[in-house]
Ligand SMILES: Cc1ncc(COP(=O)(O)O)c(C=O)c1O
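There is one chain below, alone, in structure tokens, taken in the form predicted on its own.
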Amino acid sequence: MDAQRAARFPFVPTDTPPLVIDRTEDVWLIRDNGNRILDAGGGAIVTNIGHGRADVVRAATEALGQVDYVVPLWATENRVALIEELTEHWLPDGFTQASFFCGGSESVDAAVRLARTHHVSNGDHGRWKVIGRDVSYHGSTLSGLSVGNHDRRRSGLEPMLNDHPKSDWLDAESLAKVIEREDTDTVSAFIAEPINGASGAAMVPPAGYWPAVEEACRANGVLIIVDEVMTGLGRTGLKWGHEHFGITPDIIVGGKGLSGGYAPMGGMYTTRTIVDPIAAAGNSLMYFTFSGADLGCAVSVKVLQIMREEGLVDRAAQMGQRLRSRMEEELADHPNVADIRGLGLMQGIELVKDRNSGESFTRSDEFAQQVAMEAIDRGVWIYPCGSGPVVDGLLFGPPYTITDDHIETIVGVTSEAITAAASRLS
């Protein structure tokens, strides 16, 4: 594709035309010029079973040949099959209720509405606030941006956002203080990722954080929403990221890994304890037009089956350990690397201008973006990120099918890309 034609794609025009991807295969993104890019970011931490799986394509073809659009209120074979697959093999005990959407942002929006509707149905009309964290990201809807706090993605939109309270992202004791300050009877829920993704570059919370959060929420009748859009369905080496911390949420939000990138899908999961009061009060939860599309459900069933049959959750844990080990060997002493962290195949690197002083590059330098561009030039895609105190970070979320050779390429290119970007900015 010529550059002039490709330049028609960006909604906001830029001086640089976008990359053109001609096809995808295994762990590779193949450009229109034939060059191959190793998908170390899994796109946007999405791809889990790898690209171009023929059995997924067949499942999608069969589904589309049988059912196209059906309103979200009605059952289809694939919709019910996906609920059965999830409740029998993936969701925690007691999580029997599932609703599907077109992605993580929609799923978070639905979870926020579900928490509020639950309280209203119980007669607690004053509970509406959703406490988030001061470093967080929960999608691009106005509700998601309101309960989250990704400064780059909220920029300029602040007057349109509800001023939901925030707790310290690494201090569990601050949550109890915020609940007390806001008045317990006004707080509906607390929302957080088990491990910060796009906002914190795979920041794992300190020991004791999540149990303390759960204790504060239970003591005050506050629902716990875990945002597992990135961390769910095997990404961290367990089925769900919150399982690493031994907590029991009230609502789980999932997204990216549900369909492995083969269809736009997200999910929200909960228990009868949450939905029974809604039914008893005669209330409901409004859907989106394309919620739970039959095609997406069929694809998701096949993706989840492949993960089970091939043991890919365990593989994510094993390959994540290898990736982390190689990163620490090669990058732990790099002058522009402040920290390496994460779980499973969700690993992150925090970048700085000077490791010794902790000084960051300025926001306008867009250092993480520069590193990602240098990596692409060397044939590897890494997901740049950062918000608040994490000015620049890199996220790694490759397919669970990567090999040791792929890991060597990822680590080698990452080191070269960081050095090259830092040298150019200096």
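Everything quoted here is computed from the prediction, not taken from an experiment. Numbering starts at 1 and runs along the sequence shown.
Keep in mind that the form predicted together with this ligand is not shown, yet the notes after this line are about it.
Which listed residue (Lys302, His242, His118, Lys256) meets the criterion of a heavy atom within 4.5 Å of this ligand in the predicted complex?
Among Lys302, His242, His118, Lys256, a heavy atom within 4.5 Å of this ligand in the predicted complex occurs only for Lys256.
I need to confirm a contact call. Of Ala201, Ala111, Val147, Met230, which residue comes within 4.5 Å of this ligand in the predicted complex, counting heavy atoms only?
Of Ala201, Ala111, Val147, Met230, the residue with a heavy atom within 4.5 Å of this ligand in the predicted complex is Met230.
At the 4.5 Å heavy atom threshold, is Ser174 in contact with this ligand in the predicted complex?
Contact check for Ser174: no, nothing within 4.5 Å of this ligand in the predicted complex.
Would Gly132 count as touching this ligand in the predicted complex under a 4.5 Å heavy atom rule?
Looking in the predicted complex, residue contacts with this ligand do not include Gly132, since no heavy atom lies within 4.5 Å.
With heavy atoms only and a cut-off of 4.5 Å, decide whether Gly267 touches this ligand in the predicted complex.
Residue-level check for Gly267: no, no contact with this ligand.
Is Ser105 part of the interface with this ligand in the predicted complex - any heavy atom within 4.5 Å?
Within the cut-off, so yes.
Where does this ligand sit in the predicted complex: which of 331-339, 87-95, 165-173, 134-142, heavy atoms within 4.5 Å?
Of the options given, it is 134-142.
Pull the contact list for 175-197: residues with a heavy atom within 4.5 Å of this ligand in the predicted complex, in sequence order.
Heavy-atom contacts to this ligand in the predicted complex: only Glu193.
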